[in-house]
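For reference, the chain that follows is the form predicted on its own, supplied as structure tokens.
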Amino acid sequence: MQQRHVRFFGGLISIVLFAAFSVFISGCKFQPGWGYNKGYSPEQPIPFDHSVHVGKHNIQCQYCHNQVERSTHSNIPALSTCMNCHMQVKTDSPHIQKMRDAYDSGKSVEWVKVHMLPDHVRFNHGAHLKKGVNCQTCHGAVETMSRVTQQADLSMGWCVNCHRQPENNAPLNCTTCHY
């Protein structure tokens, strides 16, 4: 009889502790880390409005991110790419003047990366573009963003779900994405 009481109270204590832990965790502002940055929208050193450049002026992603089709990584545009237009366009803007000063002195602008993956994950932009995946699939409607925001969580599950779609015919083996 005494053993049943011990088991009963032991089980009851376990349930109470689990419930308390669950309430504690649900109240925490838990941020899992790299690859789960959905909603991340850092302030940039110079405001860059994609809705103007891509949306209004129809500049293609690949004009500025010109390495994306032939490289595993996308590139942040060189200042020379920006200055192709901004030597004549909006030259009176203090933001453009800041870019021009950096350009003239051979410096660069320290842009803040928005879309990040863990170091042990490789993502090949070129391979995805060759398969017809458009930029908006992962990056959202950048052409409407005045400030770029990470739209997808870019978690392993998010990527694998896309790879599992029959129409994508994408590889599912671990070494496709992991070193």
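Predicted, not measured: the structure shown is a model, and the values here were computed from it. All residue numbers are counted from 1 along the displayed sequence.
There is another form of this protein, the form predicted in complex with ligand HEC, and it is not shown here; the text below is about that form.
In the predicted bound form, ligand HEC lies farther than 4.5 Å from every heavy atom of Gly39. In the predicted bound form, ligand HEC sits within 4.5 Å of a heavy atom belonging to Lys113. Lys56 belongs to the set of residues with a heavy atom inside 4.5 Å of ligand HEC in the predicted bound form.
The closest non-hydrogen atom of Ala102 lies beyond 4.5 Å of ligand HEC in the predicted bound form.
Of all the residues from 121 to 156, those having a non-hydrogen atom no more than 4.5 Å from ligand HEC in the predicted bound form are Val121, Arg122, Phe123, His125, Ala127, His128, Leu129, Lys131, Val133, Asn134, Cys135, Gln136, Thr137, Cys138, His139, Val142, Glu143, Val148, Leu154, Ser155, Met156.
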